[in-house]
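First comes one chain, alone, set out as structure tokens in the form predicted alone.
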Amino acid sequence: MLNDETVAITGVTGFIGKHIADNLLARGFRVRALTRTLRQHSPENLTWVRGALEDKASLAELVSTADYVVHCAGQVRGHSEEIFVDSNVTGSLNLMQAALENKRCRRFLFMSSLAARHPDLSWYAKSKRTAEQKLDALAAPSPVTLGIFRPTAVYGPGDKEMKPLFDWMLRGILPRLGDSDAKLSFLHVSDLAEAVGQWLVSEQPPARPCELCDGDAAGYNWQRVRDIGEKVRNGRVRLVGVPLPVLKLLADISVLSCRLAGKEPMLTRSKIHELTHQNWSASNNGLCEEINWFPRISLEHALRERLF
């Protein structure tokens, strides 16, 4: 059934944004999606708007008829802090300003990251925390409700970051980054997309930063992930620690090779602090009850059914 409300979304061409758009379309929302390149084909009720976060005119067009804005686009690769600031901070503020000026938008959901909990760890983490703070200051005197999601490590169909780790594990080798007793958490992308939809339709969505994870009661560490891998593949999984000097060398090689290729690197020395952090546990706190959202896909289920 067609919903008479419209959601403007950034990042739909990316991994998480695509799943969120699909969820909202299935709910009957009209969706307006930002894209840098011209796209010829789109599902019914999805309208592409060509532009970018630095192009204020295209952002005004994107949100022109939007009742809600979901901001998923963000910079996750970069060789300098300025690259993350330009996209994750300045770009986010540009979008919020456009939403405030359209006089129609009622809710703005910012897709942050669990990394924002520790802004000292990396350029990426710092940019996400800074964006949260500046968006809150901009939205505070307005009638627009600002929501902030801090999902943990998100995986699922279309993911290019976690998939290699799971593929290696199901072949019998699990590379370990950081200490063996580090606390971990995971979230399937379909559960994240459902949480976004539920936040938009809930009567009083929480406006505080909300962590999101799969809610596994036992929690995860590297040993438990290995044990799950062994159960799924019905065979041994070898847990192999990657020494910090090796990680730093790989980061330097990544930066150099990406520079030669004209691309931005994912693995940098800044990123290593984030990847090897001791505590990435997360809690859904009261979010589940507040928006009637309950994650359904555990890591073991996802691995067994190859939902990644």
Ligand SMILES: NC(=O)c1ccc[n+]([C@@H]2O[C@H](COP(=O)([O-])OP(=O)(O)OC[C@H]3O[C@@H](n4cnc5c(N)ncnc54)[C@H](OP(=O)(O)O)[C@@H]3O)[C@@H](O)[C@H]2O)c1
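In this text, residue numbers run from 1 along the sequence as written. Computed from a predicted model, the values in this text were never measured in an experiment.
A second form of this protein, the form predicted in complex with the named molecule, is not displayed here; the remarks below concern that form.
Among the residues M169, L135, M111, C105, the one placing a heavy atom within 4.5 Å of the named molecule in the predicted bound form is M111.
Note on contacts: among V89, A193, A73, V225, the single residue with a heavy atom within 4.5 Å of the named molecule in the predicted bound form is A73. Among residues of the shown chain, G11 is one whose heavy atoms approach the named molecule to within 4.5 Å in the predicted bound form. Though the partner is left out of this view, F15 does reach within 4.5 Å of the named molecule in the predicted bound form, counting heavy atoms only. Contact check for V69: every heavy atom lies farther than 4.5 Å from the named molecule in the predicted bound form. The named molecule is not shown here, but in the predicted bound form it comes within 4.5 Å of a heavy atom of P151. Note on the interface: of 278 to 286, 246 to 254, 29 to 37, 61 to 69, the segment with non-hydrogen atoms within 4.5 angstroms of the named molecule in the predicted bound form is 29 to 37. Along 41 to 56, these residues reach a heavy atom to within 4.5 Å of the named molecule in the predicted bound form: A52, L53, E54.
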